[in-house]
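Given next, in structure tokens, is a single chain: the form predicted on its own.
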Amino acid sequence: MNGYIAFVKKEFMENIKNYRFFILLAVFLILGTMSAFLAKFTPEILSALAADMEMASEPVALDAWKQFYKNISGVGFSAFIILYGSCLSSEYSKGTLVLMVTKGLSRKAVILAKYTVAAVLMTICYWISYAAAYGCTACLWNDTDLSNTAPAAYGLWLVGFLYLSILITGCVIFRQTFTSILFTGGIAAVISLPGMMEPIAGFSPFILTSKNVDLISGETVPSDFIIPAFVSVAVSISGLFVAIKLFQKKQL
């Protein structure tokens, strides 16, 4: 336990010193802030660029949330995966893991500490981004009366842990950062395939990324997210368990 806590502290300091946390925070904050403004002013920009272009309808607050979930699930989580794709490869190249493990640090503590720090920093960045999006949307649309924005955001947040567990597993299997990132994308694509099969589509964890706006608009209800949320958590835990088991057998 002492080794785990010490390694967590080391990871937090390292993420501060190498600016990884600040870069991720900047990306998520920009995405959260710009979502509402893009939804609000894109029609005006397009109209200015093309005088003969007419928008079918005025943008509403729901458009801002569409933009938010699109930005976070796409650019935001991609940036997160890219930034943390080197969480173990840098340790391999420096040889620091061999030194720490030979001094008594358990391999399980290494993986858990890496996962803990990345999860905490992702959580901070994500909810700051959500708060920025919520605040900007409320300012630009005073008459908004949307519900379930928090449950919808909570579902997308859970998917972040799913991506992280896959990434950690990839970092254990492969020493190269790029290969770990490709592995994460490939496994995520495989997991998303059941979502295309109607009998089991309702169990796919990626409903949490694709049905957010439907939840806010009232086309779906929070109970529709319960099973996908449990599946997402189960896959995340399983991925972390596999990463620990593989790392315990890996030659450093």
Partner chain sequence: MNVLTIQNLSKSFGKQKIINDLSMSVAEGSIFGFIGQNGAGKTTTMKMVLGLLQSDHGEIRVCNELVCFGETKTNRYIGYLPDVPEFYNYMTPLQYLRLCGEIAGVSKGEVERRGRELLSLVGLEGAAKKIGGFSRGMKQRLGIAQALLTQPKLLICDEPTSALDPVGRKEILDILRRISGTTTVLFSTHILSDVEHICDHVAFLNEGKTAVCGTLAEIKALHGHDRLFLEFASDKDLQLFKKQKSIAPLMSLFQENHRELILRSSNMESIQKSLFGVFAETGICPIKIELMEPSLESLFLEVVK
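This one's a predicted model, so the numbers in the text were calculated from it and none came from an experiment. Numbering follows the first chain given and starts at 1.
Absent from the display: the form predicted together with its partner chain. The rest refers to it.
Point to revise | Partner proximity in the predicted bound form: Leu99 to its partner chain, non-hydrogen atom cutoff 4.5 Å | key: Contact check for Leu99: yes, within 4.5 Å of its partner chain in the predicted bound form.
Exercise for review: Spell out, yes or no, whether the shortest heavy atom distance between Gly135 and its partner chain in the predicted bound form is within 4.5 Å.
Suggested key: Because no heavy atom of Gly135 falls inside 4.5 Å of its partner chain in the predicted bound form, the answer is no.
Check your understanding: According to a 4.5 angstroms non-hydrogen atom cut-off, is Met13 in contact with its partner chain in the predicted bound form?
Key -> Met13: yes, in contact with its partner chain in the predicted bound form.
**Study point:** Contact flag, Gly74 vs its partner chain in the predicted bound form, heavy atom cut 4.5 Å
**Key:** Contact check for Gly74: no, nothing within 4.5 Å of its partner chain in the predicted bound form.
Point to revise | Triple contact flag Thr149, Tyr154 and Pro222 to its partner chain in the predicted bound form, non-hydrogen atom at 4.5 angstroms | key: Checking in the predicted bound form: none of Thr149, Tyr154 and Pro222 is within 4.5 Å of its partner chain.
Point to revise | Stretch in contact, per heavy atom within 4.5 angstroms of its partner chain in the predicted bound form, of 78 to 86, 158 to 166, 120 to 128, 105 to 113 | key: One stretch meets the cut-off, namely 105 to 113.
Check your understanding: Does any residue in 1 to 35 get within 4.5 Å of its partner chain in the predicted bound form, counting heavy atoms only, and if so which ones?
Key -> Heavy-atom contacts to its partner chain in the predicted bound form: Asn2, Gly3, Ile5, Ala6, Phe7, Lys9, Lys10, Met13, Glu14, Lys17.
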